[in-house]
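Take a look at this single chain, the form predicted alone, given in structure tokens.
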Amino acid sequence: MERLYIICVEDQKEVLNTISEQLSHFEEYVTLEECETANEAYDLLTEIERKGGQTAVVVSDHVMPGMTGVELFIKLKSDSRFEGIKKVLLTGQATHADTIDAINKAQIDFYIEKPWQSDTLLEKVSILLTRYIVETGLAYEPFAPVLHKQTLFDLLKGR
């Protein structure tokens, strides 16, 4: 079974811990990594890719010192090594222009406003993990317990 990664990016340690705790549901099947800056996340993504690993989902805060979450996602979108990575933007301070940039320039998959419900985050990450696995042609069976059943059914039906 391929080892996949989910990367959480948040500059506030308490919020980062909350995200990781909520996503620990996936930990038996994927590796969860925490980063406190977008630059740290980009370096980690590069290292994972260099070692032959695959990052399936990045969950990032928007407003952070240095590179923002949207800037990170734009950087990932423009780098062919990271095609296919699914992106979730968490934010409590985005302007209308930020939201438009996130959708148009960074091609985010989901946008979740803070504070969020843990069920919402889990569902969105499950949907994106399912899409990543099916779109990259990985065997989905080993990941089945954490995949989004309706998304999996729809994707397999469409093949």
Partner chain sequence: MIDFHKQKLALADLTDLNWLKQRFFVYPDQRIKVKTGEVIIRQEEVNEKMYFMESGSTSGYFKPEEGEEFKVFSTGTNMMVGLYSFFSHDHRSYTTVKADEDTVVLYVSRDQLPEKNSPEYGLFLEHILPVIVNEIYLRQMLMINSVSEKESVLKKLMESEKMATLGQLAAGLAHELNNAASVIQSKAEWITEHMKDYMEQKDSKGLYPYFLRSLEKGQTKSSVEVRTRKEKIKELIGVQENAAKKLAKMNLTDEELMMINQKADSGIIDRLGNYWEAGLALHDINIAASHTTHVVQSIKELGAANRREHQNFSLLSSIEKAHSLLTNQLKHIETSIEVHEDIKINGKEGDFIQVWVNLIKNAAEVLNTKQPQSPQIIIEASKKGSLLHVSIKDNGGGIEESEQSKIFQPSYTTKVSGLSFGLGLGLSIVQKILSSYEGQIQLTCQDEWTIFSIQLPKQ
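What you see is a predicted model, and the numbers here were worked out from it, not measured in a lab. Positions refer to the first chain, counted from 1.
Not pictured, yet referred to below: the form predicted in complex with its partner chain.
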| item | value |
| --- | --- |
| Contact test, all of Ser20, Glu28 and Val63, partner its partner chain in the predicted bound form, heavy atom 4.5 Å | yes |
| Segment assignment from 122-130, 37-45, 105-113, 52-60: heavy atom within 4.5 Å of its partner chain in the predicted bound form | 37-45 |
| Residue contact check: Asp98 to its partner chain in the predicted bound form, 4.5 Å heavy atom | yes |
| Contact test in the predicted bound form: Gln150 vs its partner chain, heavy atoms, 4.5 Å | no |
| In the predicted bound form, Gln12 touching its partner chain (heavy atom, 4.5 Å) | yes |
| Touches its partner chain in the predicted bound form: Leu32 (any heavy atom, 4.5 Å) | yes |
